Every structure is written in structure tokens, then in C-alpha cells.
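To begin, one chain is listed below as C-alpha cells, in the form predicted on its own.
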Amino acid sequence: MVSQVDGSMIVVSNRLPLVVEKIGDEWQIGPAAGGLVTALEPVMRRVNGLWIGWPGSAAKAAPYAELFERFAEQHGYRLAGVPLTEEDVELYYQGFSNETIWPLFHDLLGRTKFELATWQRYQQVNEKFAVAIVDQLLDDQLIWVHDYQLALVGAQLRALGVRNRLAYFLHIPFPSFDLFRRLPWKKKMLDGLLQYDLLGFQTLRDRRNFVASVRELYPQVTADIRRRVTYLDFGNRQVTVGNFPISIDFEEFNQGARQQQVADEAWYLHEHYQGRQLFLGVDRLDYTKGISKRLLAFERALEKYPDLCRQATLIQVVVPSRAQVPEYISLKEELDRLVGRINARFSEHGWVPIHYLYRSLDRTQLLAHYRSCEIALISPLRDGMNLVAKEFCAASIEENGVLILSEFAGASAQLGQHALLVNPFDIEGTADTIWQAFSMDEEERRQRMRQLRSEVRRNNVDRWVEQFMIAVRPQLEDLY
């Protein structure tokens, strides 16, 4: 269905969806991990699209032209690189993107830094991306820009004379106006965003926050609010704003969890943790993920409900991220101390309450963990969506899993009715929910998980793209 829409779509993101490494004398390439790649790669294969982004700095000497050609042959879509200097990465990416926008948009004002030099470099790098797009042979392709690092690319494209349809999707939350107004360059940021024809957000709350900010800073604008979208009328042009919750390829996880290699790995996990219910946390190392508070809640549950001891284990996987940033080094040290203290306090012969893995899992291991663990404990302080919650449901083929989910994850809007929602700041309440999940009877588990799997199956990645395409080109609605 998507292929009927756009056979030459251009996707633009900060990073290209590949990993480059040199093994011996040969350069090797592979697909990158991450929610955006997971969601978009199946679509890009079907439309034979072009993906533009930064290839990374780990392999500066790599023969990218040759590697991009090989990638296109293997994956069915093309790549184009945007080279960035070390100073670009430091100021634009580590600076403004991740020390200003990231914490501010995740409601963490105390962690937010406002520096003119990083803002200036952010604008310059967004212009670099725009120039890289123009360097391609543009026809009438839809140009779809992704996420907080590239908010101003649309404005830069318009300044360069590009008249293509421009769409933008923000994968992280959009803050309330009370938070957004703290940004010294808030009006310029909104001016840039409003150059897109369609702005997509994860949740209705994000869409409302954005529209409220526009109406505060542009009193003359009129807003036509519909069920799926809001039309902002500026007199000479109209901008469409919608909420489109991103999702996953349900069948990829559902069928992947049934593979024999995954079944063997899952059996091993069951044998290793025999007789216990397994809680699972899988997170990138980041202060928004609420890992510290999750560990404290699990500790409190062990205190309040002694029957959990020897009968439950939390497997907490933390995927390394930004390992050279001092704040992330401190977070890693905090997690190490917490796990060590809790395990020292509660461990008994043959049982350790928390198994802590500071590394990424390959796909087989990840699916095996999803399939083996009875309870997913997903409790970010704030999250745009959280695809781990949806992956866990899609891979729970025995339909006996329980999803504990933060009410501040975007996924709660879709999954909250059948998950157990928690406030991650409420240690006591989260501990009680841990016990509720542990002691839930089998029939209730199956009813909840069947509903969760049905929701993820119905609202899969294809539906996300289709709804987005209908919004950017309403005349396509009859196709769906």
C-alpha cells in the first residue's frame, strides 16, 4: 500500500541507519539499532527510498561511496551522507540537541543548558543537512525529516528555494508552553518548525502542547481542530499538525520470537532462573529512563512483600550510550552502586534479586528475553513513545506476560487500558504494582496480553506511515 504513495520518498535523520566497522582489512556494514530504524526500514525497503544522514565519526576513512552501494544492494534503499566535523558533533549534537532540547522537552528543566554557541552551531548544521538534500536530484519527492536534532531543516530548505512537500516527525515529547517558553530562541524554533507542511507528534498531548505554544506566540493564528489533525491558518499558508503514535512491525517480532534459535535461548534462560518469575527492564543509558527509581521500587517491593524473595528476579539490561559524557558516567556509577547495595542486602545462596547487564543484546537474545520474562517493567520518567513496550507485547507469544508501564510514556495512551500503569516518581505505588503483577492469576494475564497484542498488531508501523501519508496528502485517503 505504501508503495502506491511514494516510490521516491526522502527520509532525513541525524544518523544514517548503518554501522560501519573495519574487521581485519575489510570494511563491514550492518543495520543500526534504534526505534527510528526499526520503524522505518521496512517502509524504506518497500518504496526504494533515499535516506540522508550523518554516517558517524567512528570510521572517517571508510570508502562510503562503495559501502553505500553495497548497503543499497543488501537493504533495498539508498543512502547519502552528511559529513560533520568534531566541533559540529560537540556543539550541535552533544551540545544543543542533547543538553538543551533533550532535557527541556523531557520536562527536566534543571538539566537544561542554554548556550548561544551551541544554538548557533545547531542552525549551521541544520543548514548543512538542507544543502545535502538539495544536492540530490530533487523532483517532487516528499521530504520527511525526523526528530529534534533537525527541527530547522525545513526552514533552511525553504530559504534555498525548495518547494517540495515537507513533513516533520518529532519522536520525543513536546513540552508544555510553560517549559518551552524558557528556551531563549523559542520563537525562532517555532518559526522553523512552521515551515513544514505537516508536523507529526507522538501523542495528542504533544500536539496540544505544540498548538498552545503557537497560539501564545502567534496570536493572529486560527486553529481548526479536528479529530486526527489541527489546521493552523496563517492567512497566506496552512500548516497541518497531527499526532501519529509510532509503532513496530508486529509480525517481525511475533514470528521472530517463534524461531528455533530464540526458543533455545529462551529455554536456557528458563533453566538458569528456574522456579522464578522474571521481571525485565531494557533501556538505553539515559536519565529520562527512570532506571534508578525502578531499582528503588524493586527494592521497596522486596521489603514490603517478602514472598518475592527467591521467587522473583529483575533482569535489567542497560545499553551503553554517550559513554564519554560526564553526566552519563555519573549515572552509570549510580546504577552500579544501587545494584550492588540491593543485591548485597537481599541476596541469598542460589538467588540474586537483580541481574544487571551493561551491554546491548543481539536480536536473538533480545527476543529470547522478551519471550522468557513474565513481566516487563518499563518506567521512564518521560518518553515520546517507548517501542520496547510494544516489542515485548509482540514477542509474548505465550500470551502470559504482564506489562508494567509508566503513565509518562507515550505508549500509555494506546496500551494503558490493559497494562498496569505506574507513576515512576511514586516508589511506594510502583512497588505495590510490582507485587500486583507478580501475583496476577493466569487468566487475567492472558486477557490483558491478548488485548495488548491485538492493539500492537492493529496499530503497527504500516498504519503509522499510512496515517502520516494521508495527513500530508489528504487526497490519498481513498487509497486506504
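In case it trips you up, residue 1 is the first one in the sequence shown, and so on. Only a predicted model underlies this, so the values are computations on that prediction, with no experimental measurement involved.
As for the form predicted together with GDP-alpha-D-glucose, it is not shown, yet the points below apply to it.
Just one listed stretch, out of 336 to 344, 294 to 302, 111 to 119, 357 to 365, contacts GDP-alpha-D-glucose in the model of the complex at the 4.5 Å heavy atom level, and that stretch is 357 to 365.
Looking at GDP-alpha-D-glucose in the model of the complex, residues His171, Val317 and Tyr370 each place a heavy atom within 4.5 Å of it. GDP-alpha-D-glucose in the model of the complex is not approached by Asp206, whose heavy atoms all lie more than 4.5 angstroms from it.
Although the partner is absent here, Ala394 is not a contact residue: none of its heavy atoms lies within 4.5 angstroms of GDP-alpha-D-glucose in the model of the complex. At the 4.5 Å threshold, heavy atoms of Arg284 reach GDP-alpha-D-glucose in the model of the complex. Heavy atoms of Leu405 never reach within 4.5 Å of GDP-alpha-D-glucose in the model of the complex, leaving it off the interface.
Distance criterion of 4.5 Å from any heavy atom to GDP-alpha-D-glucose in the model of the complex singles out Gln202 from the list Thr240, Gln202, Gln156, Thr313. Residue-level contacts in the model of the complex: of Val145, Leu377, Val388, Val125, one residue has a heavy atom within 4.5 Å of GDP-alpha-D-glucose, and it is Val388. In the model of the complex, Trp102 is the single residue of 82 to 108 with at least one heavy atom within 4.5 Å of GDP-alpha-D-glucose.
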